[in-house]
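Consider the single chain below, provided in structure tokens and representing the form predicted alone.
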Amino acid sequence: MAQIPFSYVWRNLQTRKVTTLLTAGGMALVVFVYATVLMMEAGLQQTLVQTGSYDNVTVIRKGSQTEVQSGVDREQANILESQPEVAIGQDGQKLFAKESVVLITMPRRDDGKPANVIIRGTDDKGFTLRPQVQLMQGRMFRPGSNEVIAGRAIAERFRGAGIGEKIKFGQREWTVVGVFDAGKTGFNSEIWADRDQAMQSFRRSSFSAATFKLANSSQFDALKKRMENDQRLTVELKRETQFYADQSRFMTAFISYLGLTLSVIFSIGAIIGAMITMYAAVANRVGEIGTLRALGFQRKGILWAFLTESLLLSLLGGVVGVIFASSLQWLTISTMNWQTFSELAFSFTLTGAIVVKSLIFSLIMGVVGGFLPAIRASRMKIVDALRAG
């Protein structure tokens, strides 16, 4: 005889509405946690990868992991700037930015607790190399002055970082004259100042790093090999996208391991819940199972019907969990980047791949939770089932 109709399976779920909703709700919670972790990981990677440009090259001291740890002296910076692979801007000058990066501590607006914020000393080339940085309020800082502009995330979250407010660092008082928006990039979590003034203030004689644009992107590998083998230089060259992607490696790994651990623990609870629900369904429908077998439905049809029921429960939970998780896309959170020890703001990012992974995860819970009860239902003998029912 043919398979048990799908309408029969669906009707059984509707009959036990409360049990169905509670079981699906438990699975939805697990999928919500799982999808949230994936969205955090994707948002963090997107924020840091989009911070860089593929055609730009970041130069740091060999062995350094971040700009804060790095140091590039003026002689080395001049050698790098003189290379023919460096692109030339419309003003006839090399698109080469020598920058100073330091960390300062600022109080948060909400609780007053201190957190590290990056101060980037840069010049007009730094802006030219990052077209995603756009001034949204106020004006640009004047070269040679104690003026700064703050990234949108910093202006919103830290005291003293709004327009007209003042920040004390490097034994000086700096006035915030503008707020910039850099899209979904890490620059939103920085404060930018005039490079020479910042270096004087922190009594630095060497740059933290240098960034330049390639005239021809395909020349990167040859330039990297030549510069890193130059005995005059102790530097490492990375494409800017790779440089910022490396910044997220530790955090994304931690989030992945933590999220996976939580998801596995929660999923065990959800699987047990689904298993209990399906065992109860089998126990309450012994007579019905006997009738189906007497009507000619095969064991595999019974197994498939109960397994489908479990899969529908998990799919319902998965869809609900993903819908709730998608609402987090409008949230922006900040955390400490353990690579740079600075505050980093980023948004949850939902992608098609995350939706698919979350639904597959929920279906796996449904298969694991429903398989044993379905096996039990399919192995019932017709006479015993009818007698028990």
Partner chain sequence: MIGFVAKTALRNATRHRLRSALTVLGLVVAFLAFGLLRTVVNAWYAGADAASDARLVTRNAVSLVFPLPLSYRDRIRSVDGVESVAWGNWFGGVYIEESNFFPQFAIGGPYLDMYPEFQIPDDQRLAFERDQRGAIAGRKTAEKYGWQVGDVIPIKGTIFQGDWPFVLRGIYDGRDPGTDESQFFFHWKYLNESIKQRSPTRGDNVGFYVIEVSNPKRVAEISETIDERFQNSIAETLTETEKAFQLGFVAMTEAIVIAIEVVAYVVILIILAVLANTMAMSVRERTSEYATLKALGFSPLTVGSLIMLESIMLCAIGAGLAITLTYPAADGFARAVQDFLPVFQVAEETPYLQAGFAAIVAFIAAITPAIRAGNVTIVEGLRSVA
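Keep in mind that this is a model prediction, so the values were computed, not measured. Positions refer to the first chain, counted from 1.
Absent from the display: the form predicted in complex with the partner chain. The rest refers to it.
- Here the chain stands by itself, but in the model of the complex one stretch of 209 to 217, 262 to 270, 88 to 96, 314 to 322, 262 to 270, has heavy atoms within 4.5 Å of the partner chain.
- The candidate site formed by Leu29, Asn116 and Asn284 is fully in contact with the partner chain in the model of the complex, as each residue has a non-hydrogen atom within 4.5 angstroms of it.
- Contact annotation: Lys357 falls outside 4.5 Å of the partner chain in the model of the complex, judged by heavy atom distances.
- When the partner chain is considered in the model of the complex, Ile364 lies well away from it, no heavy atom lying within 4.5 Å.
- Contact between Phe254 and the partner chain in the model of the complex is found at the 4.5 Å heavy atom cutoff.
- In the model of the complex, none of the heavy atoms of Ile375 sits within 4.5 Å of a heavy atom of the partner chain.
- With the partner omitted here, the residue from Lys166, Arg299, Arg226, Arg108 that has a non-hydrogen atom within 4.5 angstroms of the partner chain in the model of the complex is Arg108.
- The contact residue chosen from Gly290, Gly170, Gly160, Gly178 relative to the partner chain in the model of the complex is Gly170, the criterion being a non-hydrogen atom within 4.5 angstroms.
- Residues of 198 to 234 lying near the partner chain in the model of the complex, listed in sequence order, are Phe202, Arg203, Arg204, the criterion being any heavy atom within 4.5 Å.
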